[in-house]
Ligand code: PHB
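This document opens with one chain alone, in structure tokens, the form predicted on its own.
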């Protein structure tokens, strides 16, 4: 019986181990995009996707040594379908990374499944406080904002502008209610008082009843949260009701981001607060806007920025882990250390994995959200309930 040379045995064993090991640099990395591609938030979903893909294209189609493959599922901005949709990505398509979503209720469902499964999740929009609060985890990140951040920023701005009595109008669902809480916290801290809170069921866009109540309340100013097609209609209805000249309209930035063309003259003078503004004028933002416009024939908005930065965050983590998104601790450590050169300006990730970023007060002038001032420098979400802090 022939005996194998021990050196040949060692070489054979090594080759078998190499064959069994996952070749991360050779395998495509599946990114499951669970975004709204139909309905009220359809444009937001498309713009986030465009921003993400733009950054990947700029990196030659690969991040951290792995070519990117996309799997798309329409979230429909419907929390009732969220668990089935995210399970489809995890169990049927076996994606490596989850990207989503826009609606806070959908994002909360995604975060729960990501926490249970250990699957890497990057949230490129939904501001649900719970994502980086009680549901925080080493494998869950956000590249947009928390609802508290945007609400707090516009509340501070309204108080600084000298308004004392405000009426709040918002969609009645998680995002609208959490942004309202942030707004009230800052507005009341600045000496203001919310004299009435008016709610519209999501995604209802019939505003006449609440606008009548606004007129009757006679506030100094009005705070609002709507987005997408709902924001377009609210701003136009507000002006048509004759309220614009009497009660200055403020809102979180989603009221006028990605909606100005459709709102037209009715949006002029509306003030909003957000972590991005048109024409910031920085070299990074100028390059981003030029590249996006060339690629898609349209001007980018905050949703494009958030998608772009989601891909940027993914590259940082994958580079540190040799392309393996399952190495959650190493991935998180690398992202926490990084400062992102975003089109919005520099931002870092907090201990609860939410962006620490400047918040701008903007005013609609012409066809842009023009910066009035920085309301808060490097605003950090408190991450209430997060166990990683």
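Positions refer to the first chain, counted from 1. Just so you know, these numbers come straight off a predicted model, no measurement behind them.
Not pictured, yet referred to below: the form predicted together with this ligand.
Taken together, the three residues 125, 254 and 303 all lie with some non-hydrogen atom within 4.5 angstroms of this ligand in the predicted complex. Using a 4.5 angstroms threshold between heavy atoms, residue 247 stays clear of this ligand in the predicted complex. In the predicted complex, this ligand lies within 4.5 Å of some heavy atom of residue 41.
For the chain shown alone, residue 308 is not a contact residue for this ligand in the predicted complex, no non-hydrogen atom being within 4.5 angstroms. Using a 4.5 angstroms limit between non-hydrogen atoms, residue 225 touches this ligand in the predicted complex. A heavy atom within 4.5 Å of this ligand in the predicted complex is found for exactly one of 75, 272, 147, 143: 147. A heavy atom within 4.5 Å of this ligand in the predicted complex is found for one listed residue only; from 131, 110, 154, 102, this is 102.
Of the candidate stretches 292-300, 88-96, 225-233, 157-165, only 225-233 contains residues with a heavy atom within 4.5 Å of this ligand in the predicted complex. Annotation for 174-195: interface residues with this ligand in the predicted complex are 175, 179 [heavy atom within 4.5 Å].
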